[in-house]
Ligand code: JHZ
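Quick setup: one chain, the form predicted on its own, written in structure tokens, and binding and motion questions come after.
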Amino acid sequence: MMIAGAASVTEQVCRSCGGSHIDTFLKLGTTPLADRLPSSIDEGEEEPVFPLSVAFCGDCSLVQITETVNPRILFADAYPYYSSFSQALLRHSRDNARDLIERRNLDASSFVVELASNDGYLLKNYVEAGIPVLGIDPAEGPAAAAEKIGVPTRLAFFSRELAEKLRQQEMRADVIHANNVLAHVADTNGFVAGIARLLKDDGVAVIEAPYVEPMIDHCEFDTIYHEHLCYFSVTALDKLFRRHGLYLNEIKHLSIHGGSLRLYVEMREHVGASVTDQIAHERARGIDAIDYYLDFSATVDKLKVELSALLHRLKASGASIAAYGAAAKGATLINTVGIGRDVIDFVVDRNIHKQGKHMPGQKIPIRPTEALLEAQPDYVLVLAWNFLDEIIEQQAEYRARGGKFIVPVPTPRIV
């Protein structure tokens, strides 16, 4: 649990069940915050750094980092992530909203809430359909952007206390969205308890979260950073929701973000085969036990060595290298592998709120995507590899001119 006013806290017990059987299986050292982008390369400008280690709970099977950075440091201070800069994510979100409107027969009498609603990228689809909505997000910039496009947004961290206030105002939800936020909250149980209080008796919470199995199997270690506190299995999720009178009744596998789950959580229990089969699958693979994770550290070390060797070999041959995506995962990758300005000339990103700033730790400058055609580097390291197809399509001219992409995971390769 976060101590008010503290920069960070080292957790001694599980974030979910409170159990003490916590085994650390990966240590990535001390790294800067992945979404805090320095405005200059001034070496005297100090960046906050924190330990980044990952552990497994033997009591409830939750994979989690062991350091909790104060959420106000992480999310409320010039948070640079805006969902609407990814066309793939916009399409993904539109399809999700349209599916729920049809499945749940939503109309003007319904009410949809999104937790961590960002810039209104998802809720705007409901607004366009005439369905009342409320976004809840603690980041001022994205929340203001949502208001500008007609998405009512409350500037706040979601909690059980806020849920109680909304419930008293008769603002219980038919649908609660929570995309890529459950893993980010310091008070995991308070967040889920809040969902239980805000949801109507016949409502559904639709939650998306990265899945731990592809993270381990595909060596997606760069998805580990201080904002991501938890890495969920279905086994761990089922236990978490049941603790608060909620039931994980259905799951869908998604390819987005390197492999995610869409969870359908309700007040009433009618667990489908998609859930029971996946829990059985996890048990058969050993995902609910520590042994599954013990080789991950060695696999990560191997990838780091291979990527570093590839980049330095290309650089030694006279090649120029840039990178695409000032993403949080990119910050983990460059800082744990040790990729600096001596290797990467610059990073490009479509997000105007990141342009003109620098990557955490390594202080690599961030430029608009047009810089790729202006400089035409020989290679581009894809830091935002979860949007690889979108990036390749977007940069067709760069490739036509002979440019090549380096994809770092699951093993470094040139495409």
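Numbers follow the displayed sequence, beginning with 1. On a predicted model such as this, the values are computed, not experimentally measured, just so you know.
Same protein, other form: the form predicted together with the named molecule, not shown, and the subject of what follows.
Trainee: Among the candidate stretches 7 to 15, 401 to 409, 20 to 28, 388 to 396, which one is within 4.5 Å of the named molecule in the model of the complex when only heavy atoms are counted?
Mentor: Going through the listed ranges, the match is 388 to 396.
Trainee: Looking at Tyr231, Tyr225, Phe158, Tyr121 here, can you tell me which has any non-hydrogen atom within 4.5 angstroms of the named molecule in the model of the complex?
Mentor: Looking at Tyr231, Tyr225, Phe158, Tyr121 one by one, just Tyr225 meets the 4.5 Å heavy-atom criterion.
Trainee: Tell me, out of Asn96, Asn249, Thr188, Asn180, which residue has a non-hydrogen atom within 4.5 angstroms of the named molecule in the model of the complex.
Mentor: If I apply the 4.5 Å criterion carefully, the residue I get is Asn180.
Trainee: Using heavy atoms and a 4.5 Å limit, would one call Ala384 a contact residue for the named molecule in the model of the complex?
Mentor: Heavy-atom contact with the named molecule at 4.5 Å: present for Ala384.
Trainee: So in the model of the complex, is the named molecule close enough to Tyr324 to count as touching (4.5 Å, heavy atoms)?
Mentor: Tyr324: contacts the named molecule in the model of the complex.
Trainee: Is Lys239 part of the interface with the named molecule in the model of the complex - any heavy atom within 4.5 Å?
Mentor: Lys239 lies outside the contact set for the named molecule.
Trainee: Please tell me whether any heavy atom belonging to Thr235 falls inside 4.5 Å of a heavy atom of the named molecule, as the geometry stands in the model of the complex.
Mentor: Heavy-atom contact with the named molecule at 4.5 Å: absent for Thr235.
Trainee: Could you list the residues in 352 to 368 that come within 4.5 Å of the named molecule in the model of the complex, counting only heavy atoms and keeping sequence order?
Mentor: Only Lys354 sits within 4.5 Å of the partner.
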